[in-house]
Each structure stands twice: as C-alpha cells, then as structure tokens.
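What follows is one chain in structure tokens, specifically the form predicted alone.
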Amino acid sequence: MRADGTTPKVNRDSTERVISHVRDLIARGELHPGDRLPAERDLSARLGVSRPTIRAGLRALAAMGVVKPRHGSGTYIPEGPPTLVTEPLRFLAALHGLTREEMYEARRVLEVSAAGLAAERASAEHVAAIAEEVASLFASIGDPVQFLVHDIRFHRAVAAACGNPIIASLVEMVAALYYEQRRETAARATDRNLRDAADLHRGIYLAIRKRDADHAKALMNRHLLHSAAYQAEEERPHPLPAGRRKPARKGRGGRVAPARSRD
C-alpha cells in the first residue's frame, strides 16, 4: 500500500512472469517438493517487478496447489502428491447436484485401480502409513466423526502408495468433496457399520502388504459399495422411538394449543 492509502496496480503480464519463473525453476530441477522459494525481495529483484506483483503471482500459484505459504517462514513447494484445486468440482456439485451414486462410482473408478497399484508399488514407508490409519480407525470406532477423518486419510495413504501422482491428486480432490458431503451424516453411523468398515480397511491393508493386487482391488470395491449403502442408511429419515410423541403445538403467547379433533 502506498503512503496515500492506495494499492499499487498489479500488471497481469507481470504476474504471469512470476508464475512462469516458478514453473521454469521446477522444470529445471532447481525446486523440489519441500523446498523453500526465494524470498519476495529476491524474486522482485530477479524479475524486475514489484513486491505486490510477486505476492499476486504467489497467491495464484497457491490457488493452483503449486506452492504453500507458511506464516513467518516463507513459501514452499508442497511435499506429497500435487494438490488439485477442488473449487471446480464444488461448483459442479452445486450446479448439478452430484448424487451419492455418482460420487461412489467415481471413487470406484479411481480407488480400486489405486489399491491394485499400491499392492504392486508401495514402499515400506507407504505400508507403514496405511497401517497407522487402520489402527486409528479401530481406535476411533466410538467417535464417528473422527472415524471419518481417518477413513479419508486411509484412502489418501493408499492413493499416495500407488506411485502415480495424477491418480493420487484426483483421489485427493474427490476425497475433499466426499468429506464435505459425508460429515453432515457421519454422526449417525452405527457401531456395527463402523466395525465392518474398519475390518474391510484392514483387509485392504493386508492385501497391499502381501502384494496381492487382485485381492486389494476386490476388497476396495467391496468397501466402497458397502460405504455407499451405509451412507444411504445414514441419510434415511429415522422414525421417532416408540412411545415418543411430537412436541405439543404452541399457540399465541406460548400456550399449548388444544389438540385438533379429527371428526
């Protein structure tokens, strides 16, 4: 901001130069996952553009998932699979009302194959990460919302183990939308459904550990079909327990109105 209180205008072409420069650094192998980008002042001097232009370019890169700012530390290339922006998928869901069936169909297309690849390619570190989430699932059976968090993390861990960053990124994007959709009803999950789901997750993990790709794919497919059925059950309106009556209708002034005769 200038001394007169106005904000300097950011040139779009200059912003594109910032984006292209970072892309070139990555392409030349000068920046790797986990690396810190040069400071804003250094980028400004190197590219001959203003600091606000540098910030605008970094914000655009952050929106694309290419960089991640850390408060008080700088801007970094994220580690792990690249993150795809989920906003287009959220808009698609809002505009067209993506159904539960469509969501799980997309997950089966992506995650069944990912489980098979993970069985073939997972490193010891990947297998350990999947095992950790399985243990957390069993530990959180009494807390359906926390169980959902570890469920999502399990599927991310399997996708990361598949060895294909494109598949891992797509799973990550769909998982974010799935979490938003499922968290509204997750608290209604029954103990039996959660235990069944935890058992299937453990079976997928064991198949991956044994390098049994066909079994891992079959179990992942079964798990997602069961999960779709569980969510449908959670979304179904539940009748009031026997003997429980609806609250009496109140009239004006907060007094209970007499029941209407059906005669």
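Computed from a predicted model, the values in this text were never measured in an experiment. We call the rigid core the largest set of C-alpha positions that still match within 1.5 Å between the two forms. One rule holds for the numbers: they count along the sequence shown, beginning at 1.
Omitted from view is the form predicted together with the DNA, to which the following refers.
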field: Option touching the DNA, based on a heavy atom within 4.5 Å in the predicted bound form, out of R202, K217, R209, R55
entry: R55
message: Can you work out which of L194, L224, L31, V49 has a heavy atom no more than 4.5 Å from the DNA in the predicted bound form?
response: V49
message: Among the candidate stretches 159 to 167, 120 to 128, 133 to 141, 68 to 76, which one is within 4.5 Å of the DNA in the predicted bound form when only heavy atoms are counted?
response: 68 to 76
query: Would E40 sit within 4.5 Å of the DNA in the predicted bound form, counting heavy atoms only?
result: yes
Core-aligned C-alpha movement of R55 between the shown form and the other one, 2 Å or more: yes
message: Aligned on the rigid core, do the two forms place the Cα of G163 2 Å or more apart, comparing between the shown form and the other one?
response: no
query: After the core is matched up, is the C-alpha of G142 off by 2 Å or more between the shown form and the other one?
result: no
